[in-house]
Structures are given as C-alpha cells and as structure tokens.
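Single chain ahead, written as structure tokens, the form predicted alone.
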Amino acid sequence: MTRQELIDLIYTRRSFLCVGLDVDKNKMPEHLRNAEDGVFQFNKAIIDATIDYTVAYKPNLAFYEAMGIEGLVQLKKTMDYLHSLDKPAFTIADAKRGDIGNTSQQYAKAFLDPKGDFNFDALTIAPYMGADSVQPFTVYDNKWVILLALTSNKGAFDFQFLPVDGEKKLFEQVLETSKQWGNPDNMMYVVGATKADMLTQVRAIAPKSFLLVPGVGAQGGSLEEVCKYGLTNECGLLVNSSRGIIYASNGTDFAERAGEEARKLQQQMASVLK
C-alpha cells in the first residue's frame, strides 16, 4: 500500500484506527479455545466486525510464535483472509526485528515479500544495530519499515531519554539519523500514546512521517492528546488498540462487542478528521 493509498483509505473510512490482533488463547471465548482453527475463526470474526471502522490490522508475532507451527498456520490463514477481502486494510507485522544485514534480508523476505506466505505491508523494526540492519527492509516496493522511536513501556527511560550531544535525547537522534535510511513514503515510527506530550518533539524532527501509536485504551493513552500533538494535515497517524477491542467480551458476543468498541473510536477519529 502506498502512502497516498493509505491516506485515501483513512479519509474514506474516516478512521486512523489500527486493531491489534494479539491473540491469547486464554482470553479467547471458551467455545473457540479448543476449536479447529479457533485462532483464525476468532480473528476472522474480529475482522468482519471491525473492518468498516479501521484501516489497519497488526498481529503481534509473539502470540502466534508461542503456539508453534500451528500459530504460524493460523497467522497465514488470517493474512490470506485479509488479502481476499474487497475492503482493503493496511497490515503490520509487529515483530520488532533487527539484526546484521544478511539476517535482516531473511526477516524481510519472510514477512514482506509479495511472493511469501504472509505479504505484510509493514514490519516493526528495532534500530539499535543501525543502518545496515534496517536498510534490507526497505528494498520492497510499497512496503514499510516502522521503526521503534519512543515506546510506551516503563523501560523506555532506561535508554531512550539518555542525553546525546548536549540536550538531545537518544530517541531524537534515532529519528534524525534514520531519515537517511528511508523517507515518509516507506518509513514510519512507533511513538507510544503514553508519551503523547513528547509528540511535539517527534514532529519537529519528522513532520511528515506517519506514526504508529500504541497504548490507547488498556494502556491508558489518550486519543485526544495523541491527536493534539501528533496530527498532520494528512492525518499522519495510525492509532492502535488491541485488548480494548478484541477482548471487550470473552463471551459469544465477542465480535459484536469488538465492533462496538472500534466504532466508538472511529466516531472520535471521524470528528477529528473534519
């Protein structure tokens, strides 16, 4: 999906919501936990209930890898279903990969190659190892790197706010340096919703880049604050909600409740986009 296609989708659906498909069998409705293809059936129901209110889906790979081979099969079925829909959606592999060049090439092939099993639009990347670990992910046309910049976890303060070159923080250096590796057409940044007040500093360095913003909902991030500091005239945001949507209910009405929660966020986003 190109940048313009993503922008058009946002304004068509009047939403910049990303639904995180972080499937934990212990939190799934009981009738699906031991069902054949239960994870896929859960994801399919969530997608069907939310597709009109969202523009993106973000499976967290750890939840699928933890299930072994069967988890990857369920992930492939989920991606095949998303690719089969008449209604498009931007797809993000939340894998946080990043390694030496030849290893990164294989990660990129695994998740981004159009001829591969998954064919995601984007992949989250850890920048710690520098340029040669990130650039292999930028070789596929109309695919995206989503670079970790400023995360919402408590441990973010261990490294990301360390001073570099005077008063500049490490996360600001990551933003500045990474602009040499990509551009706003193929590189986004992760900025946690619980750090919304820092978005002014992020926007000063990356004014046109899309930001993937996790942490709205169960983690306590504020959509209003994120929009106040991070919105651009092209939107420039993908705001993720996972648990608050997919686990709104663990009963047989789980999909209906997920749709309701997605619709609530979409209505707020539609108001902002006006």
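Computed from a prediction, not measured in an experiment: that's the story for all the values here. In this text, residue numbers run from 1 along the sequence as written.
Same protein, other form: the form predicted in complex with a further copy of the same chain, not shown, and the subject of what follows.
Q: Looking in the predicted bound form, any heavy atom of Arg33 within 4.5 Å of a further copy of the same chain?
A: No, Arg33 is distant from the partner.
Q: How about Met188: is it within 4.5 Å of a further copy of the same chain in the predicted bound form, going by heavy atoms?
A: Because no heavy atom of Met188 falls inside 4.5 Å of a further copy of the same chain in the predicted bound form, the answer is no.
Q: State yes or no: in the predicted bound form, is some non-hydrogen atom of Ser84 no more than 4.5 angstroms from a non-hydrogen atom of a further copy of the same chain?
A: Heavy-atom contact with a further copy of the same chain at 4.5 Å: absent for Ser84.
Q: Would you please decide whether Asp253 lies within 4.5 angstroms of a further copy of the same chain in the predicted bound form, comparing each non-hydrogen atom pair?
A: No - in the predicted bound form, heavy atoms of Asp253 and a further copy of the same chain never come within 4.5 Å of each other.
Q: Using heavy atoms and a 4.5 Å cut-off, decide whether Phe40, Asn43 and Phe210 all contact a further copy of the same chain in the predicted bound form.
A: No, because Phe40, Asn43 and Phe210 lack any heavy atom that approaches a further copy of the same chain to within 4.5 Å in the predicted bound form.
Q: Have a look at Val202, Ala89, Met79, Leu170 for me and say which one sits with a heavy atom within 4.5 Å of a further copy of the same chain in the predicted bound form.
A: Checked against the cut-off, the match is Leu170.
Q: Let me know the one among Ile245, Leu238, Leu61, Ala49 whose heavy atoms come within 4.5 Å of a further copy of the same chain in the predicted bound form, would you?
A: By the 4.5 Å criterion, the partner-contacting residue is Leu61.
Q: Would you point out which of 229-237, 62-70, 202-210, 49-57 contains residues with a non-hydrogen atom within 4.5 Å of a further copy of the same chain in the predicted bound form?
A: Going by heavy atoms within 4.5 Å, the stretch is 62-70.
Q: Could you pull out the residues of 1-19 that have any heavy atom within 4.5 Å of a further copy of the same chain in the predicted bound form?
A: Residues within 4.5 Å: none in this stretch.
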